[in-house]
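Starting off, we have a lone chain in the form predicted alone, written out as structure tokens.
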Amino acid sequence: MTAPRRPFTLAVWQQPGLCGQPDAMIDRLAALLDSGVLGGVDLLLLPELWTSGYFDTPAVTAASEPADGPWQARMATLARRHGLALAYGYPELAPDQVRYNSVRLIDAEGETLLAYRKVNLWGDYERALFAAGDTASAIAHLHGWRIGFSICYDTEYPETLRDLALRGADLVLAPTAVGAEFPLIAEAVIRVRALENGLWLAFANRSGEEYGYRFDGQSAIVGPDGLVRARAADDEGLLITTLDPGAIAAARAATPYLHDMRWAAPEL
């Protein structure tokens, strides 16, 4: 397995959402990009259901759109204008009118590199609102890095990241909407997932409240050794970290779980 060819600068933007206001959310992003603070960043990761808000069924329903819908087009335009890749969550309305909790990775030319539908839906709320995806994330290639997706609850299953690691992922993007009642996800689970698979993990959580439900924040960029390279608090925060490609080989040499493993999960 060859290492990525160059360092990769990653940003994670944690913020409270605006339920049912996709245009206002994209306006916020445009202002951030116009500020120049992300100059030199290769990829900006945003949280789960970023365009729509999370705990508001009418808002999610109203903001659902096809993969080539108008809000998707606005995101692609921003990626092209500012020359960086964007990864974000949104409610996808498929041609058969089935709704999915989806994420996209758009490159600096505005082209979709990777799309994924959440496989492991959390609780009655998500299961009433979305259909479950039935396919594991593919692997996208960006600047020599192999990138996969895992949405929120997916990341809590060890099989998700192990599958991506075995298929060659260097970096997993995890858009998330974890509530404040689950602090161990940000404190411990994501660090273990990175360590046991020897890969970089970017965890982009929501912050603030929606209708009395408080999100945990604590977004993080975790190295393949399980050490946190950058961490947000519980309010708005912007993390920017340059990922060292050599850290992957070093971590896998120190903790050779993938090499020494004598059992592997079946393909999803």
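Note that residue numbering begins at 1 and tracks the sequence as displayed. In this text, all values refer to a predicted model and were calculated from it rather than measured experimentally.
Missing here is the form predicted together with another copy of the chain; even so, the following discussion is about that form.
Q) Heavy atom within 4.5 Å of another copy of the chain in the predicted complex: which of A138, A94, V192, A73? A) By the 4.5 Å criterion, the partner-contacting residue is V192.
Q. Between the options G208, G237, G69, G226, which residue brings a heavy atom to within 4.5 Å of another copy of the chain in the predicted complex?
A. Looking at the other structure, the residue within range turns out to be G226.
(Q) Counting any heavy atom within 4.5 Å as contact, can you tell me which stretch out of 81-89, 107-115, 153-161, 168-176 lines another copy of the chain in the predicted complex? (A) One stretch meets the cut-off, namely 153-161.
(Q) Within 4.5 Å, heavy atoms only: does L129 come near another copy of the chain in the predicted complex? (A) Close contact is absent here: in the predicted complex, L129 is far from another copy of the chain, nothing within 4.5 Å, heavy atoms only.
Q. Wondering, does Q21 line up within 4.5 Å of another copy of the chain in the predicted complex on heavy atoms?
A. Contact check for Q21: no, nothing within 4.5 Å of another copy of the chain in the predicted complex.
Q | V98 within 4.5 Å of another copy of the chain in the predicted complex, heavy atoms | A | Close contact is absent here: in the predicted complex, V98 is far from another copy of the chain, nothing within 4.5 Å, heavy atoms only.
Q.
Is F182 part of the interface with another copy of the chain in the predicted complex - any heavy atom within 4.5 Å?
A. Yes, contact at 4.5 Å.
Q. For the stretch 237-262, which residues lie within 4.5 Å of another copy of the chain in the predicted complex by non-hydrogen atom distance?
A. Read in sequence order, the residues that approach another copy of the chain (within 4.5 Å, in the predicted complex) are A254, T255, P256, Y257, D260, M261, R262.
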